[in-house]
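One chain follows as structure tokens, the form predicted on its own.
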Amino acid sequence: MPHKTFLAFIWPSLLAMILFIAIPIFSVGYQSLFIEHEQIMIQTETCGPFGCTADVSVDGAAMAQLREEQPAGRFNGLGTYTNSSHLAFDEISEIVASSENFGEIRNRIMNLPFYKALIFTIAYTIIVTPLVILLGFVIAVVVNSIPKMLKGPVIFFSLLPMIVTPLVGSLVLFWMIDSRGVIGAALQAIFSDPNLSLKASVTLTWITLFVYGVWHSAPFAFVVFYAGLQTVPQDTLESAMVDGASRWERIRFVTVPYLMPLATFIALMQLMDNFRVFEPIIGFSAAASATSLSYLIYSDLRAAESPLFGSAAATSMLTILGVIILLMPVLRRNWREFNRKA
């Protein structure tokens, strides 16, 4: 294809990527280099019948003029990335110097806000992603084997978790695991423990969030795998049956290799989606037991006095870096497959 023709096809996509992806990411990275202005205080004196009192307050006019002159805030360079709310280099050095063993170092680092959120985010991504792929594949195989007249209703009910919005879905499950809910009350009856609560334990809260993540995302994997199953070559499957292959062997040696590109696609989508986990934490009111990188961004933007745009931007850039690192093995594998076939 001539270069001119290629450019004519590609420039609309390039323009859209620059406008809607590159420029926003660059602006977030630029904002992460700045922090909020220090407040300019003004002292006023109020006099009355019993004397005068001095009051200190924020000079609104001076602050407005400062924000107009420097809308991004004060330049802080990479200081936001290394402060105690993010990578916490100084705090980690102090922990390493003052701790007696590796376990103490690990526990103290895991209590730092950024690393606490990072651990939950990585655990959620690593646990939920493979379970979503596995459960979606199993549901697709089961639905594909049931009679045609039942497929419509079964597919509809299988898609319900994906149809429900994430926040509503998490609220429904939150009420179910409450001590007065169906699951919470049932567990109390089974274990004969009226004080048993899924919300009181950090571990049980994490497990509940993982279960919700699998429940909500499995329909997506199911839809993709079910569509892929309709394209599996029947001749190959029939040949395997003639050769005496069992159902499990046909799935293992014919269906799974054929659907592997779809599994890679689902893995990519789920890795990106799960690394940005946020809605379940809000829906389950689980911030005391589990926080994610996205939740840190939300907290910075809802800071009591003024939004911490620089801190939120730095966390956003670190989240993007984390997603890229997670995707590297999958993209590298795809690149090798592409070169091998070429």
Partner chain sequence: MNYTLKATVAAAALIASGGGALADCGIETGRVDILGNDFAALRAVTEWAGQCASDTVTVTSNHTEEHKNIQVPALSIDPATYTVAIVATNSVVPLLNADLIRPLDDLVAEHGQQLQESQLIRVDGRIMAIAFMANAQHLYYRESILAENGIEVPTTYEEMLAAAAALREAGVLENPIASNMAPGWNIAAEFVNMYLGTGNDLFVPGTAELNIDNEESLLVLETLREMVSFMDGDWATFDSNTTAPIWEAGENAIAIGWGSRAGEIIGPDASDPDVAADTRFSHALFVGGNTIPGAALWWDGFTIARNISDEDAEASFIAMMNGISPEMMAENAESAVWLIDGYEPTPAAVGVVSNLQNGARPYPMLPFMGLLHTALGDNLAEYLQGSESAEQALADVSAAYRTAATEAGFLN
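Numbering follows the first chain given and starts at 1. If you superpose the two forms and keep the largest set of C-alpha atoms that fall within 1.5 Å, you have the rigid core. All values derive from a computational prediction rather than experimental measurement.
Same protein, other form: the form predicted in complex with the partner chain, not shown, and the subject of what follows.
*Heavy atoms within 4.5 Å of the partner chain in the predicted complex: which stretch among 233-241, 108-116, 251-259, 153-161?*
Careful reading of the contacts points to 108-116.
*Report whether the minimum heavy atom distance between His37 and the partner chain in the predicted complex is within 4.5 Å.*
Contact with the partner chain, yes.
*Is there a heavy atom of Ser84 no more than 4.5 Å from a heavy atom of the partner chain in the predicted complex?*
Looking in the predicted complex, residue contacts with the partner chain include Ser84, since a heavy atom lies within 4.5 Å.
*in the predicted complex, Thr125 touching the partner chain (heavy atom, 4.5 Å)*: Result no; Thr125 lies far from the partner chain in the predicted complex.
*Contact test in the predicted complex: Gly29 vs the partner chain, heavy atoms, 4.5 Å*: Answer no; every heavy atom of Gly29 is more than 4.5 Å from the partner chain in the predicted complex.
*Heavy atom within 4.5 Å of the partner chain in the predicted complex: which residues of 147-180 qualify?*
Going through 147-180 in order - heavy atoms within 4.5 Å of the partner chain in the predicted complex - the hits are Phe174, Asp178, Ser179, Arg180.
*So with the core overlaid, does the Cα of Ile42 end up 2 Å or more away between this form and the one not shown?*
For Ile42, whose C-alpha is compared between this form and the one not shown after core superposition, the shift is 2 Å or more.
_Ala288 C-alpha relocation of at least 2 Å between this form and the one not shown, rigid core basis_ = No; Ala288 is a residue whose C-alpha shifts by less than 2 Å between this form and the one not shown when the cores are overlaid.
_Is the shift of Thr53 between this form and the one not shown large enough to count as movement, that is, does its C-alpha move by 2 Å or more after the core is superposed?_
Yes, the C-alpha moves 2 Å or more.
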